[in-house]
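We begin with a single chain expressed as structure tokens, specifically the form predicted alone.
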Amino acid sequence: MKYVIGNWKSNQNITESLIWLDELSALRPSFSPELTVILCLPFTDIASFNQKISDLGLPIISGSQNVSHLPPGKHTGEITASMLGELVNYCLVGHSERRIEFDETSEIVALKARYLLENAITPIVCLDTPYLDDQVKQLFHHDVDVSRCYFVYEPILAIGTGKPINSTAANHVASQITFLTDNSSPVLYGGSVSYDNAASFVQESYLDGVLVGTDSLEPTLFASIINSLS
């Protein structure tokens, strides 16, 4: 199985997300049965998006971009894993923007992953060098079942720059992630992924897919990536 995951970040209100789906559907991308397509959305879009996916019959799975590291309780404004359980099957954790802009530590990321798994949601854990050892160590320290997680190698220097690292270097880090987690969970690459380079990453032996940021916002570009991997 191969994977393409879109991350809309803080973009697209409900109306825009439904227009996006109509436009993607009209393009009729080739959804291979061997390709899993996931879109990680703002919290506000998820419910309406799910209904529209069902109406259009599109083989797209919705995911969240974030979750609280706290359990249900007196935490005003937090969205807990139990709240997301009825809405999504996947959730990003540890994205570099969350680590940098919101000071999220590897311990916080591990707690998020644990709560997600307790609510039958697959964590998509973003990792980077040179911190791989500590990031993975915290997952084990907090009893996260890494065999039920997905992982993304997401080099900070490539995020939003239009300059991805080459696929060989990405594959090397993916092999390290596989070794450190000691399992065969999917490992993806994220960082300036586009139609032009997506297939090159998936062709590598330790990479199972891509995490797409900017190009997931444009239906034509995202459809092209789906076609290239199908």
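Heads up: residue numbers just count along the shown sequence, starting at 1. The model shown is predicted, which means the values in this text are computed figures rather than measured ones.
FYI, the form predicted in complex with a small molecule isn't displayed, but the following is about it.
Enquirer: Taking the partner as it appears in the predicted complex, which of 152-160, 68-76, 107-115, 139-147 has residues with heavy atoms within 4.5 Å of the small molecule?
Expert: Answer to the contact question: 152-160.
Enquirer: Which residue, Ser185, Ser167, Ser192, Ser62, has a heavy atom that falls within 4.5 Å of the small molecule in the predicted complex?
Expert: Of the candidates Ser185, Ser167, Ser192, Ser62, Ser192 is the one lying within 4.5 Å of the small molecule in the predicted complex.
Enquirer: Does any part of Pro219 reach within 4.5 Å of the small molecule in the predicted complex? Heavy atoms only, please.
Expert: Contact with the small molecule, no.
Enquirer: Would Ser17 count as touching the small molecule in the predicted complex under a 4.5 Å heavy atom rule?
Expert: Answer no; every heavy atom of Ser17 is more than 4.5 Å from the small molecule in the predicted complex.
Enquirer: Answer yes if any heavy atom of Ser25 is within 4.5 Å of a heavy atom of the small molecule in the predicted complex; otherwise answer no.
Expert: Result no; Ser25 lies far from the small molecule in the predicted complex.
Enquirer: Taking any heavy atom pair closer than or equal to 4.5 Å as contact, tell me whether Leu207 reaches the small molecule in the predicted complex.
Expert: Because no heavy atom of Leu207 falls inside 4.5 Å of the small molecule in the predicted complex, the answer is no.
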